[in-house]
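Following this are structure 1 and structure 2, which are two forms of one protein chain, each written alone as structure tokens.
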Structure 1
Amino acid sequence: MSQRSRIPTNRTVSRRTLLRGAAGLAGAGTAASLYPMPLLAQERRLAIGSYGGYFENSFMEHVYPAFTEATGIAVDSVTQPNSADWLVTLQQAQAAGSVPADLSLFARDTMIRASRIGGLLAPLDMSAIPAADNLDPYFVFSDGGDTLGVGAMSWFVSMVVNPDAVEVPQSWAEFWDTERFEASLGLSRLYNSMFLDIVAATFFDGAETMGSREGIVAVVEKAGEIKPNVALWYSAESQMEQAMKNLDVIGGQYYHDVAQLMAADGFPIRSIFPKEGNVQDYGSWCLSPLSEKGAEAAEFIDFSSQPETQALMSRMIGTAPLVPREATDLTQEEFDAVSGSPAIRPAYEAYLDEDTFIKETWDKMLAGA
């Protein structure tokens, strides 16, 4: 759904590694996971996919070792470029009879898409994943009675501004004010970057409005009114990062966690939760039907759903936990660094049911055609 799940250079390689100066590490990680080590029969192992770069490195450094220590199951990390591309890869691999990972990380829209394509996701043995009860049911995805995905972590697409250049807005609606933001904002060019959900939440009835074609057209038209204020319609996350750093834009939509990292590095950026809130998206662990590691996968998902692991990911990777803060040992300050409220939930079903319609209506609005 999000950029994060779509473009390889996005979340992972370019920005994260630039921020942390770990480009070399990322490259090494990618190469290593392309050629997994031969598996030893007597050892319990599990191949897990995650978005390459800083994200995957953090998993390899902090999460997988803790899992191996707790269960004795070794993890082979597999690099995913993102969700949508990875789905294409898995589809082809499955046709060839062998999949590169037992567990994959999918954003919710890709997961639903995979379940609709059919035969790409195996049902999970929920009796072996009791810790999933810790999660809000929203983060456990079922289709036809089978549970196909359990939430791994979540992230926010939030409002960012350069606090040196502009007064901090209280509402997304202020971005439409040309007096203040003429040719100054950076927004995503992609129809499913969830800017439509922001518009729907700010000016309409949220996801409900996105439920009809008339609603979608109205939301897109409202989004079109912001065009004079947009200097950059980015297609890769790294473009927005550079534009904020280079002062080409003074605000827009961007990832909350990355904005926090950039701010910590001294760049003029602040991530804000305006009164309408920010969009919350999340990734899920999904099992391949060709995997013979269903039991190990269930153990990993159970481990991942525990409040301690959720807190570990928040501290080490910057993702928002899928359990209430009170269930974890995160301090309010630590929690605020990765999360906030209110949370806008994307109209996933609308994006899927009407994907050609929304995409073309959005593209036409951008193109003025």
Structure 2
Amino acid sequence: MSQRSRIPTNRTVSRRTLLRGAAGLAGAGTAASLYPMPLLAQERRLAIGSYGGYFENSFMEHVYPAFTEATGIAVDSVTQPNSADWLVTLQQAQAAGSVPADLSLFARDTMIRASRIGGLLAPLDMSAIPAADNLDPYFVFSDGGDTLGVGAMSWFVSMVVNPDAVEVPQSWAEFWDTERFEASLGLSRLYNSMFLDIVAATFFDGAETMGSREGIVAVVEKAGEIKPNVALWYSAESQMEQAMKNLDVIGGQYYHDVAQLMAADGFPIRSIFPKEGNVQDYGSWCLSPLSEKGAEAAEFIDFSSQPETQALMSRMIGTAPLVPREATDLTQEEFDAVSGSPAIRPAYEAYLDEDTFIKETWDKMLAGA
């Protein structure tokens, strides 16, 4: 699946550049926390990996200091690239007997891949992570009876429209209406950008349909029917952002949180949760099998799973909480800025099992008349 980055604060620079800009430094090692630690904290340390740039800096400024204050455990922040590349780095490090990070942030598809390979993720002691009970069981990943990952935060790929140009749709299916949306939509051209999950949820049985090649073909063919209404098949998120600003498109798929920021800046864009929902992706904390910091890692995951911390991340980083709003002190306005319902869950296993087939089928559809 495509790897999500986080929100920029400078709208003139692409979000992915800001948040992943430091990813090239991943091989440079560990960056110390920005805050001086008390003597007690020096005795217990934890190396935590996360995507670089704004995302990592926000953790270093807001989350890690709060964790250290609560537990006395110092945090060394490690810049990691996207989940797939980081998994390769960890495999190589493990073969060499080193531990670049005790905890890493992995997307669900990467966790599934790692669990299938075996030996790359250490089981978590869930008795030491009681706050994980706050999360929907979907965000607690287990394999073979072992829990290998606990959800950290999430984000949504959303329906967006220009409310000044078109009546707000109630269903994704309305985007297939040529009378309303001919040559006016912006969609990602990447086969794993979750548009297929939207199609599957809208017209079929969701992820279940993506579980067979016949189902994949049917979903891609239905996606192809929207082509007359697409003005922009974008390969970079900044292209969609600019197209909405320039009024070149009046709707499409985009990140919910960034659309909210654009709207707050006065641009004519509205993020909508239609009746089928928007696609929810998420990242999880996973422990290196060579780490000797299992106890400290459990304390951090427990801290991260607490409603107060989930609310802190929503406010300061822009991530969607993995706990109900009612469990936090987020206002409805704060919650709506980063989250919503219902949620479409991607067909992660299908993208892993049939990656090449899905890509070839999608590319053939795009290239066709």
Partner chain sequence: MSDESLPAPRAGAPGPGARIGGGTLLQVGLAVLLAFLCLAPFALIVAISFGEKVQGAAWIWSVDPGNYARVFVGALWPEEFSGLYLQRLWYSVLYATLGAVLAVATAFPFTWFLTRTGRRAQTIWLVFLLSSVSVSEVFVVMGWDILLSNRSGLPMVARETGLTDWLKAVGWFDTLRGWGLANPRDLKFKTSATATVLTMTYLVWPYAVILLYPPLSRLDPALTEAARTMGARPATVIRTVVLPVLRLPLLGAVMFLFVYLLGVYVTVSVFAAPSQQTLAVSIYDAVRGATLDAPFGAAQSVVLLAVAALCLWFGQRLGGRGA
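One-based numbering along structure 1's sequence throughout. This is a predicted model, so every value here is computed, not measured. Between two forms, the rigid core is defined as the largest C-alpha subset superposing within 1.5 Å.
Just checking, which of these two is the form predicted together with its partner chain?
-> It is structure 1; that copy is the form predicted together with its partner chain.
By the 2 angstroms cut-off, has the C-alpha of Asp143 moved between the two structures once the rigid core is superposed?
-> No, Asp143 moves less than 2 Å.
Is Gly72 among the residues whose Cα moves by 2 Å or more between the two structures after superposition of the rigid core?
-> No, the C-alpha position differs by under 2 Å between the two structures.
Return the inter-part rotation between the two structures: the angle in whole degrees by which the smaller rigid part turns against the larger, from C-alpha superpositions.
-> So the smaller rigid part is rotated by 13 degrees.
After superposition on the rigid core, what is the displacement of the C-alpha atom of Trp362 between the two structures, in Å?
-> Superposing on the rigid core gives a C-alpha shift of 2.4 Å for Trp362.
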